[in-house]
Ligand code: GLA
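As a starting point, one isolated chain is supplied in C-alpha cells, in the form predicted on its own.
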C-alpha cells in the first residue's frame, strides 16, 4: 500500500486543502480531500489492466466549493429530502434550509461537503486510508445538538473502497449521512451510462409525490420498470411511462433493502460490459438511493470536461428520505450521547 499527499488548492476563505491518494498492490487508487471529505478520484483497472478514473469530480478545491450536483460529496447532517424543510423532535418543530423548492435537500445551503475537516491517516499491511472529522455545532443548518462526526475512507488490497460513518451528539437530533459519488465505470469523461448494467436486491421502493417527497407507502417493484432484481441496462426503462420515473425525470428512487444494522450486505451491482469493470455495493443501512444523473449538469469537471445528464450514477446508502417525518419508516432519532456507526463498501472487480 502507498499513501501520498499533495496540495489541492486554496479555498476562497484562504484554507489550504490537501489531496490524499491511496494506492493498493493491484494498481487501484482512491483520492480524497479534507475539504468536505469529498471523494475526488477512484482509479480502477479494466479487464485488460487499463486504469481509468471512474468517479466524476474536479481537478482542484475550487470546483468543490460550488459543487451544486454534490460530486463525491459527504452529505449531512441529513441526506436526501426533508418534506417542507421542517421536522418535529421531542415536541419542538425545527425549520431547516429550503434548498429544493419547499423542501430541504442534502442538509442545507452549506453542506458538509463544503466544510474543512480535520484528518488522521491510517495504514497497515493490507489497507490504507484517512479519517475526516469535525464538530457540527448545534443549530448548524437548523439541526439541534452539537454533533461530533467522522467518516473513514479505506482502500484495501481486495479493491474495496470502505466508507465508515461515526457520530455522537450532546442532544437528541436527526441524522442521515451518505456519500454522493457519481460513478461511470467506462471512465469519468466517457458519456452516458445507458449501457451500464444494474442489479438491486430489493423487492420494494418508496413512491414519491411530484416534489420527490415519499408518500409514506412502501410499494413492490414487481411489474414496474423500477424492478432491478434481474440485471438490466440503465437505458432500457429509464424513460418508461411510469409516474415515479416521470416525477424524477428517470431513475432517482429509494429502494428498501434486506439489511441488518452492523452487517454490510451485498445490495447492488453496477457493470460496464465494454470495459469489464464491475462494482459491488455493500451496506448495513435500510435504503439506497439509485440516482442515474437525471439533473446532472456540471461545468468544468476534470480536464475541463462538462458532465451532462446521465453521465454518472449514484448509489447512496441511507435511511429512507423524509424518515424524520414518517414514523412508519425504519428510522429513529439519534439520542443524546448515543453512538451512530454505519458502513458502506464499494468493491471493484473486472470480468
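Positions refer to the first chain, counted from 1. Here the structure is a predicted model, which means the values were calculated and not measured.
Just so you know, the form predicted together with alpha-D-galactopyranose (GLA) exists too; it's not on screen, but the next bit is about it.
Q: When the contact criterion is heavy atoms within 4.5 Å, does residue 114 count as touching alpha-D-galactopyranose (GLA) in the predicted bound form?
A: Taking the distances in the predicted bound form, the answer for residue 114 is no, it never comes within 4.5 Å of alpha-D-galactopyranose (GLA).
Q: Hey, in the predicted bound form, does residue 316 get a heavy atom within 4.5 angstroms of alpha-D-galactopyranose (GLA)?
A: Result yes; residue 316 sits at the interface with alpha-D-galactopyranose (GLA) in the predicted bound form.
Q: Are any of the heavy atoms in residue 282 no more than 4.5 Å from a heavy atom of alpha-D-galactopyranose (GLA) in the predicted bound form?
A: Answer no; every heavy atom of residue 282 is more than 4.5 Å from alpha-D-galactopyranose (GLA) in the predicted bound form.
Q: Applying a 4.5 Å heavy atom distance criterion, does residue 106 contact alpha-D-galactopyranose (GLA) in the predicted bound form?
A: It does: once alpha-D-galactopyranose (GLA) is placed as it appears in the predicted bound form, residue 106 has a heavy atom within 4.5 Å of it.
Q: Based on heavy atom distances of at most 4.5 Å to alpha-D-galactopyranose (GLA) in the predicted bound form, which listed stretch, 304-312, 286-294, 51-59, 33-41, is the contact stretch?
A: Contact criterion met by 286-294 only.
Q: Select from the listed residues 252, 237, 195, 164 the one whose heavy atoms reach within 4.5 Å of alpha-D-galactopyranose (GLA) in the predicted bound form.
A: Only one listed residue qualifies here, and that residue is 252.
Q: Identify, from the list 169, 181, 184, 80, the residue with a heavy atom within 4.5 Å of alpha-D-galactopyranose (GLA) in the predicted bound form.
A: None of the other options qualify; the answer is 80.
Q: Note that alpha-D-galactopyranose (GLA) is not shown here; using its position in the predicted bound form, name the residues of 212-249 with a heavy atom within 4.5 Å of it, in sequence order.
A: Contacting residue: only 212.
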